[in-house]
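Read the single chain below, which is given as structure tokens and is the form predicted on its own.
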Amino acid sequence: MSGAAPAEAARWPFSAAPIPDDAFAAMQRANLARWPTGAEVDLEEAFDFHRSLPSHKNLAAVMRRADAEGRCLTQPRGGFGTLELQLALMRQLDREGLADIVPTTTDSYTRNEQWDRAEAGIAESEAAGRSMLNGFPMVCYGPKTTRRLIEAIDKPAIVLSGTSMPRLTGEIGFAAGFTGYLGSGLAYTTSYTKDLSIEDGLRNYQYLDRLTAVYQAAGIELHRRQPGFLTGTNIPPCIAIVTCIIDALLAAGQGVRNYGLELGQTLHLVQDAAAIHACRELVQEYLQRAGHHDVFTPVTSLHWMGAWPYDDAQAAALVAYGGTLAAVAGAVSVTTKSTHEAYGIPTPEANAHGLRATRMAIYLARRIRLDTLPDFQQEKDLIGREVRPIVDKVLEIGDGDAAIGTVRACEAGLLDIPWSPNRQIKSRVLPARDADGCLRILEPGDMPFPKDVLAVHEEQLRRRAERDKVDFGRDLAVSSVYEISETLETLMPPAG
């Protein structure tokens, strides 16, 4: 049986409006028929299982509680190719890593709906006695077996899908008892795909968000989360926040009421703090304008998403600093990495170590805030001046419809993403790090940034070019991508 996308029984007119009940029911039947384990999905049984979970294992409830208490939760990434290996990993992250949220990252075959290959990977992993997949093949195991992961831990669990095609993984994950799912139509389609259209990527996540609303109607609140960007390059806060707003509007349009937002760290303390505050406020501003007055939108801070250093000491500093940034910025959670980041998938021990180091940093910085600093307010105001003209233009060319406007804006380059692999994205916008370490816009492409805003960016970037004695141009953008992975001898040569 193939994992190819189904021919939809009813392809509803594309818009930000909720998928009609009859269209969704037909789509759901076709979706679950794509792989044998889909037949195990029984919504009423899944509802009963979710109702049996204590509140401390429901991620939606845990995020609301952490936000009310001013806490910053910790969550790693992690996935292995067999049930037993994944069970061991999740237990270790829960008990030794002290993770507040326990993940299950799916493998690349599952992300690309190549479930036959994922099945072969399970067999190869079992024969080798180690994981031959870079994640857990959830669809192959199905909801009944996958539920053992939920029963093995005492924390809420989230699916880290890494896919622009979440329909069947979402059904399996929710039916298994996962109470969170990471992914969104705009961010993942522009981060991970080459040929998938923006419209189809948005449609795929509208399905997942409509499914989330079905659980919500049954009294089960699930946590959906927008993933930020995983292009491995620098994404200025303004571009990340624009995508947060669009993905949040689309999710809310399908009925989602608990929707987290993720921002990758720039590693500039003030810019990151300002971005996290601005993100939540701006997303709420546009949700309120659209009539969505009851959507909870906590912000998660992501450990550095660019290239990491190979040196253990440098990597350890990045891990701890990432926890400090998240705490000082007031993030509700932080997604952690480890000192193995430059080498590949971390061992369970290294993953747990990264969690503990981050947790200690959060503890040390737990009472520090930057809100009263003039630089904080200046940066936050600048982000608002960057974001609003872009989102307003997206909504304008979509005649008020965020879905239609997003497709049109991407086609025109009015909405752009640096270094996106997707053919429908212009990728003419280029960011670079300025003299103070903030990410700025070097080349705006066709994005409608105000001239006075671009003047601020250019001034700061020219200062860096003069300081570093390099030409003002694209080399600034390229060097900024690799900067953090350089050796200490290069970044900060010894005095003398």
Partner chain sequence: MTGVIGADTHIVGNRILSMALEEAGFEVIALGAITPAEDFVKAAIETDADAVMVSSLYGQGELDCRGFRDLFIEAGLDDILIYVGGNLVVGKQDWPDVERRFLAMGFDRAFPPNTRTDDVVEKLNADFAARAEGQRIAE
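Because the structure is a prediction, the values reported are computed rather than measured. Numbering follows the first chain given and starts at 1.
As for the form predicted in complex with its partner chain, it is not shown, yet the points below apply to it.
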Practice problem: Verify the flagged residues 132, 340 and 427 against its partner chain in the predicted bound form: is each one within 4.5 Å by a non-hydrogen atom? | Solution: yes
Quiz item: Heavy atom to heavy atom, is residue 284 within 4.5 Å of its partner chain in the predicted bound form?
Solution: no
Practice problem: Classify residue 421 as contacting or not contacting its partner chain in the predicted bound form by the rule of any non-hydrogen atom within 4.5 angstroms, answering yes or no. | Solution: yes
Quiz item: Taking heavy atoms only, is residue 345 within 4.5 angstroms of its partner chain in the predicted bound form?
Solution: yes
Quiz item: Taking the shortest heavy atom distance, is residue 296 within 4.5 Å of its partner chain in the predicted bound form?
Solution: no
Quiz item: Though its partner chain is not shown, can you say which of 193, 82, 161, 206 has a heavy atom within 4.5 Å of it in the predicted bound form?
Solution: 193
Quiz item: Of the residues 108, 216, 377, 145, which one places a heavy atom within 4.5 Å of its partner chain in the predicted bound form?
Solution: 108
Quiz prompt | Which of 240 to 248, 108 to 116, 406 to 414, 216 to 224 lines the interface with its partner chain in the predicted bound form (heavy atom within 4.5 Å) | solution = 108 to 116
Practice problem: Enumerate the residues of 453 to 487 that have a non-hydrogen atom within 4.5 Å of its partner chain in the predicted bound form, in sequence order, or give none. | Solution: 478, 481, 482, 485, 486
